[in-house]
Every structure is written in structure tokens, then in C-alpha cells.
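One chain comes next, on its own, written out as C-alpha cells in the form predicted alone.
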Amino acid sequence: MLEVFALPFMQRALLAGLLVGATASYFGVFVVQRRMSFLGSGLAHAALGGVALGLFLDAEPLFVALPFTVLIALLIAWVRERTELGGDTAVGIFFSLSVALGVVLLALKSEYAADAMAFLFGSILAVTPADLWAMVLVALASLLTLPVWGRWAYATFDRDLARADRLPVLFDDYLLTAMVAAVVVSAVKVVGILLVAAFLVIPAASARLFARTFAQMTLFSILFGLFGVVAGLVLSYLYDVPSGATIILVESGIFLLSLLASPKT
């Protein structure tokens, strides 16, 4: 079984999957606990605009999509904070704007439409060194946010009390939203725009069924995310099926088993 990962392209795919699986699962617990799942889906679709802009400019798509999607995420957070519009409304507005921009840019450079399709459905086996560097940068940035984990967790469960304790809740919200956007972009090449929200939600949802504390939920989510990547890659190689979709199917299987075995059900 291990000979599967002797191939260079499988090694790159495994490294990319582990990086994205760990970071997406880490931030996924906040997405699930704060009921931000629609934000993850909206940012995934917003990434299409960034990918299209990168292709239009003949630049590396992920390195253009990364700041583009983070900017969209910050705008969503700003509109949600400064207006009476709901968070889902702000997501819907900027998600639609980004997709429309992506469609127009791809129409202007139709020769790149096939490249964009790889981002829609994922192409983990075609991960390039540049893609890996983008994922490494996001993973390193995620490590730098570890000191903020306690504040994020505090505000997740009692936002008003966190404000009363003079924690920088608003700054933390912007930071968390920006990091979720960065993780979404890094995961696009692995599972695709259409499935990336599942990468954020499913491992964390599985972990929530077992965990007694938020720290346990975070740890279980990361473990489920990593296992899903490895098992999904092996199964996709053995049965010659799409890797990104297989990873999500494995994660879904973990959720179903967790649902049946969980003491909370």
C-alpha cells in the first residue's frame, strides 16, 4: 500500500492534502460552532473570481486568488459589522459579485476555461511546487494564530462576555474571517471550489459528536481531516476515481460512523 506514495506526484498530492486537511479542519471547528458554514461556501465561490483574475493576468492563480478572497472576506465582515444586513446577505452579495467577475474574465480569455475547470472540481494529483508554496504559507500563517485560539474559543461561546472582558473581539473576527478565506483558497486545488466547504465543515461536525471540550473538538477535527486525506488518496489511486471527491466521501463516511457511534445521538 505504501508504494502508492513512492511516486513523486503522489508525494506532492499527499503533502498538499495533509497541509490543507490540517488547516481546514483546525478552522472548521470555528466555522461549525459559529454557524458560519455558508461563509465557507461563499468564499469558495468567491475564489473563482480570484482564480479567473490570476488566469487573466497570466499569473499564478492561487497567489492572486489568495489576496482577492481575503479581501472579499474582510469586506463581508465589514458589511456585517457596519450595517443591519445579516451575514448571509453580505456573503450572498459578494459571492455573486465574485462569480460574475470570474465568468466575465474567463469569457475574455476563453483559452483558460479548461484551467478554471481544474479549480472547480479539484486536481490534487496535478499540484505544482507553486501550489505547494501557497499551501505552506497558509499553514505557517495558521500556526502563527495559535496564541489567538483561546480568544477565538472564548468569543465563540460567549461573545458578549468576551467584549465585557475587553478582548479585541472585532479584530479577532476579522482575523478569523481572513484566515478562513486563506484556507479556502489553499484547499481549492485539492478538492475544488464546489467541494471545499465540505472540507471545512465535515471533519469538525464529526468531531463535535464526540468531543467533550472545544480543545478535544479541535484535535479530533484535525485527526479526521488528516485521515480522510490519506484514505481518500489511496482509494482514489486504487480505483482510479477523482481524488478530491473521494476525500470528501471518506470524510462523509467518518461523519456517518460518528453519528451512529456518538453518545450524543
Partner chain sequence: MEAAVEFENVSVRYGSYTALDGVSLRIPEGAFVAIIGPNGAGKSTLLKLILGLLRPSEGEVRVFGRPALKVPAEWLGYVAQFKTLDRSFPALALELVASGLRRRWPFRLSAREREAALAALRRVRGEELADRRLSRLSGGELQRVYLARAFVRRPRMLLLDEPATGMDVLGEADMYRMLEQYQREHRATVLMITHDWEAARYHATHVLVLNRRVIGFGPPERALSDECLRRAFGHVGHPHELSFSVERRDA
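Numbering follows the first chain given and starts at 1. It should be emphasised that the depicted structure is a prediction, and the values quoted were computed from it without experimental measurement.
The following text describes the form predicted together with the partner chain, which does not appear among the structures shown.
Chemist: In the predicted complex, is there a heavy atom of the partner chain that lies within 4.5 Å of any heavy atom of residue 156, even though the partner is absent here?
Modeler: Yes - in the predicted complex, heavy atoms of residue 156 and the partner chain come within 4.5 Å of each other.
Chemist: Taking the partner chain as it sits in the predicted complex, is residue 149 in contact with it (heavy atom to heavy atom, 4.5 Å or less)?
Modeler: Yes.
Chemist: How about residue 81 - does it come within 4.5 Å of the partner chain in the predicted complex, if we only consider non-hydrogen atoms?
Modeler: So residue 81 does not count as contacting the partner chain.
Chemist: Taking heavy atoms and a 4.5 Å cut-off, does residue 214 contact the partner chain in the predicted complex?
Modeler: Yes.
Chemist: Please name which of the stretches 66-74, 204-212, 49-57, 233-241 has residues with heavy atoms lying within 4.5 Å of the partner chain in the predicted complex.
Modeler: Answer to the contact question: 204-212.
Chemist: So which of 144, 164, 104, 85 gets a non-hydrogen atom within 4.5 Å of the partner chain in the predicted complex?
Modeler: By the 4.5 Å heavy-atom cutoff, the listed residue in contact is 164.
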